[in-house]
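Only one chain comes next, encoded as structure tokens, the form predicted on its own.
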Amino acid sequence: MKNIDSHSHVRGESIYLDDIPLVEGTLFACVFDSPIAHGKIKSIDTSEAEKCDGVVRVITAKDLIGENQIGGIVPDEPLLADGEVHFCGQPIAIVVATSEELARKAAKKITAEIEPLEVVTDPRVAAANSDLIVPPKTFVLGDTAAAFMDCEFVFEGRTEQNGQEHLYIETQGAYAVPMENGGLKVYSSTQGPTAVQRAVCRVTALPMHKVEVDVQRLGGGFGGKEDQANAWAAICAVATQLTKKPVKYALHRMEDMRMTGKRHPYSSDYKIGLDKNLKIVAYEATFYQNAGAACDLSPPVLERTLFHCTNSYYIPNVTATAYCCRTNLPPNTAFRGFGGPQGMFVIESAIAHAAEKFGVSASEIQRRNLIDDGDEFPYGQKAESEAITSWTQADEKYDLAALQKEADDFNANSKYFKKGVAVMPVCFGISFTKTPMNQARSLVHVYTDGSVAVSTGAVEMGQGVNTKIAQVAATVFGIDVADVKVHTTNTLRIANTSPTAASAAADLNGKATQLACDTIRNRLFEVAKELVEAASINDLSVRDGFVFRNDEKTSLTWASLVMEAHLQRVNLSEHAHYATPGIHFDWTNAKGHPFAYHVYGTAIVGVTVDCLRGRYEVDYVKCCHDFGTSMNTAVDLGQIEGGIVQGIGWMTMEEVVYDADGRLRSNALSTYKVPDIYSVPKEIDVLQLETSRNNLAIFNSKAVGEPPLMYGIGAYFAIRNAIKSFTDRSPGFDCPFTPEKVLLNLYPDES
């Protein structure tokens, strides 16, 4: 089945925030943001802005009716800077005017006297200053100190990982409309409608039942709109509350890049110990996370780094510690993978380091240490593993040895072009690691003509979640998916939503939809049982619009059954709740069973490096991926391909650059490069893992949003292997591997 939005997308008919018709009298907002990264605000002069044509009001922190705070986990993020600024781009004042152009023009007239303070951009410096957002967290399995003493080989090193710009097609934005009795309706480009609702309530001092948040769809999110959408919705809400007029604010691209956080950069240390059989005996890692100036989602991102610090490997002795470091950069935030890729990169670097010292391929160490059924993760959960299976099936299909030989033969006969091959196994846990967030609700209505409406807490952002939810309803009722409409995500229809994140939206909201549909279907079948003289409702089904009794078609149609049930005053609506069973985690001992299941996979990545220019091409990504039992292969393949390319972009060309003063230098698409059609892999081949293992996914169809991104890490190590075939020096572990860095590693003596 195709994505249900395909038709409207390609015709330009899909509705996004900027497509919502404006209410008469709508005003437009623009913020004046801090020009420096850290300083004391001595004064703010808004007088010239207030004189500008079309300006209705200029708002500063003192004007807020509610609390000047939008921090969710830690209350450390004011909506508008007050007293101090902590990053370049921090909002200081809001200009509200009759047009977008006039608001932006007036914002440029605001001036602020700010006394500069020390700017810190390095997380290791922040850690040395004890400037941590939350206390450090540690996972321990076994006894690494004792284990290292018994290891025959021990290697230590350091890695550096840069951030990544989300670069969603649709920038951040919101539109607030005043409602009667002091209420607000907020249209927001957000992955977390309830998070927006809470933030708006906080700054306006309104109770939650007076704030309605509605989301039609997003033009991409990738985690960047999980919490960071809150500020822009709150800005519009405050402006609406104070002016009594609708207010809209949609950021320009360069505003969005300058003022919003990215994927967290990390600086990390590792220590790995092996025996003579290449078995990893002990592993220690220390992660310095660059959180930026405020908490945002940094602590849970940090936690997931720990959860994935050993990737697909079983290591009996592990100590991993992570520091959440406060710096003077925009607060960094969720990004596809949510800290997991950062943890995986470090263990893969440690393995590559050890492999070089042993004189073997990294794949030898990877293969010998794959986690198996019953092995324990550092956080206490026992594996139900497909790691070995996915590696074996990938090798059988693609023949790793043959691919490596092909690269070796090419390199032996090519002086200035070199090929590299690397393997990237992936193990990624599915669930929010904060257990209470693993719940969802679904409201299902069956109308008297037989059509069905579904409302859930899931937000459609291009990943196809609405398609899967429509499929759930159509499958349970046995009707055509065209008869199902998935409506906007709205906090009045579905309250207390978890964000659409953690690759869990289809599972949580799909399961809730399944429960609601099951309940309605059973009510309908009680009516049908009498009409078709069935012995039990278990003898009934619906296919192609007709009721079947014991697989025999009857004359009773679905539409007739629904109408008859209505005439008999049977409830044709249901609001169902689903909470993932069996998951738990206790941070007092850092042990538990946090994930409903894991997604496994193995990718083989091949590249060609131009050793004169430092350029490279990704020749292929061949992977065996654990879909479970895919309920929509087309949607899942799209997610896998997109994730792979986004992961490769992070590992290769996407370089976020801040200067020493905390100013973003890669602030436009001319200075920040993302993969285009010419830089994506020439070939992406995806093999569906063959497995009969059951899981807690909806219809056994495993989550596919985040895990494929990690395959992109293989591109980094493939490039590194190609470089090593040209020079006898080994590059350090510093991503992204831009063409400039490739050149510096190809000719280190000339740099």
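In case it trips you up, residue 1 is the first one in the sequence shown, and so on. What you are looking at is a predicted structure, and each value in this text was computed from that prediction instead of being measured.
Missing here is the form predicted in complex with a small molecule; even so, the following discussion is about that form.
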Applying a 4.5 Å heavy atom distance criterion, does residue 336 contact the small molecule in the model of the complex? yes
Contact label in the model of the complex: residue 221 to the small molecule, heavy atom within 4.5 Å: yes
Should residue 351 be classed as touching the small molecule in the model of the complex when contacts are defined as heavy atoms within 4.5 Å? no
Examine residue 363 and determine whether its closest non-hydrogen atom to the small molecule in the model of the complex is within 4.5 angstroms. no
Quick one: from 327, 463, 319, 161, grab the residue that has a heavy atom within 4.5 Å of the small molecule in the model of the complex. 463
Using heavy atoms only and a 4.5 Å cut-off, determine which of 332, 503, 369, 204 is in contact with the small molecule in the model of the complex. 503
TL;DR on 41-49, 703-711, 55-63, 689-697: the one with heavy atoms within 4.5 Å of the small molecule in the model of the complex is 703-711
